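Consider the single chain below, provided in structure tokens and representing the form predicted on its own.
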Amino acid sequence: MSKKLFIETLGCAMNSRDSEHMIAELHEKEGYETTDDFKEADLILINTCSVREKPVSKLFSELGVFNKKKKADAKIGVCGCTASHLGDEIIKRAPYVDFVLGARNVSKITDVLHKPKSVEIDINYDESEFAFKDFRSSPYKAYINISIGCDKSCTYCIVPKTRGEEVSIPLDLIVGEAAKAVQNGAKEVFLLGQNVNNYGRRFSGEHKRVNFTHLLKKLSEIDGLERIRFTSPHPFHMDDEFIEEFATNPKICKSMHMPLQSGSTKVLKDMKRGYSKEWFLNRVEKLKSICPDVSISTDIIVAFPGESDEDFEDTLDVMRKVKFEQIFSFKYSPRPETEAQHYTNVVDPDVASQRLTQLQALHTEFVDEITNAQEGKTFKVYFEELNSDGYVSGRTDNNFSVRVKGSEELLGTFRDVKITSCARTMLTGELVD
């Protein structure tokens, strides 16, 4: 009988891809098969996130549950960003944890498995040219890392301390991985990096200097690849060349994630984001002028230290001007090893909560307006998920989620769908024959 692996993934898409890498390595080298029931697992992994405080506090409560209910001889490993910054403190607080593996050390998963109480958290370890074994959660879409680490110095962000300096993965490896995924049935690739449009800034070896726009063009040459998505581009690096390639390349999905963080130029400076409110709005205007159907999503932090009522109103002003299709919004959460952790001009928690509520209420108005306007329209949808309620779901080019009544023969196909009803998170439609 094969050994069973249970893995819980917290956080971003890069964590999801790291989990796929670990699953592949453990399957090929150790014979593990995945299970959805941790109680039957021989190995339990938690791939952690440390961007906000809540996932970190959740870690130890999850560990306690796993330890109490797991098989007697099952091993527990903690991986990812929280592993990187807490290190051996995790084992001190939870002595039953068998090993700790940092976000920059994914390729060592089969090594630490056999080293009791091993702690591998070197954020300078270079995996940019490591040939991972192949595993994908979906045969229809391939997540592909194009860089690791981050060179930004945003004052609120712990990622550079958990994933190390930014290193780009060589162009030929990315194109080769994408081509292989297409050969195996994927029609869409999703490129991952902390700042994807800073691609090519640094390689670990000698490689021809290229940029993100060039990478997009090379990927577009792959026969059978129909769609290219990516996250997250940094507003600072959104030059005209990049925007024009995004708008005119038919294989690039017309959905852009632009992390705003704050609409206040003063707060953006305090965050060390490298751009102003005016620059962000200029880039949006440029984007929408040549790509009117683009959908734009964003990240917003409210109540960053020193944020005044006027600063917050600037954020609302950007919200009204852009009308984001989707936002990921949070109250500021101080993180260890960040500059902002030491700022003393903290916003009152009640004020922070009120601002978050107001921001999300405003966004809800826009979402209702945007989604209701889709009724009666026809979209080309790429179907990739079979639901338990008799529906099959997929996404439009500009990232609306759409479902239709259907079965598994729709999976992996593009079909025209006319929208018949709209909800905030899902459009429902009928196939157009």
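The structure presented is a predicted model; accordingly, all values stated were derived computationally and were not measured. Counting begins at 1, following the sequence as shown.
Absent from the display: the form predicted together with a small molecule. The rest refers to it.
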Within 4.5 Å of the small molecule in the model of the complex, do we find a heavy atom from each of 264, 312 and 366?
no
Using 4.5 Å between non-hydrogen atoms, is residue 56 touching the small molecule in the model of the complex?
no
Within a 4.5 Å heavy atom cut-off, is residue 70 in contact with the small molecule in the model of the complex?
no
State yes or no: in the model of the complex, is some non-hydrogen atom of residue 289 no more than 4.5 angstroms from a non-hydrogen atom of the small molecule?
no
Looking in the model of the complex, any heavy atom of residue 27 within 4.5 Å of the small molecule?
no
For the small molecule in the model of the complex, the stretch among 351 to 359, 213 to 221, 184 to 192, 149 to 157 with residues bearing a heavy atom within 4.5 Å is 149 to 157
Contacting member of 245, 226, 126, 299, with respect to the small molecule in the model of the complex [4.5 Å, heavy atom]:
299
Just one of 46, 402, 41, 51 has a heavy atom within 4.5 Å of the small molecule in the model of the complex. Which one?
51
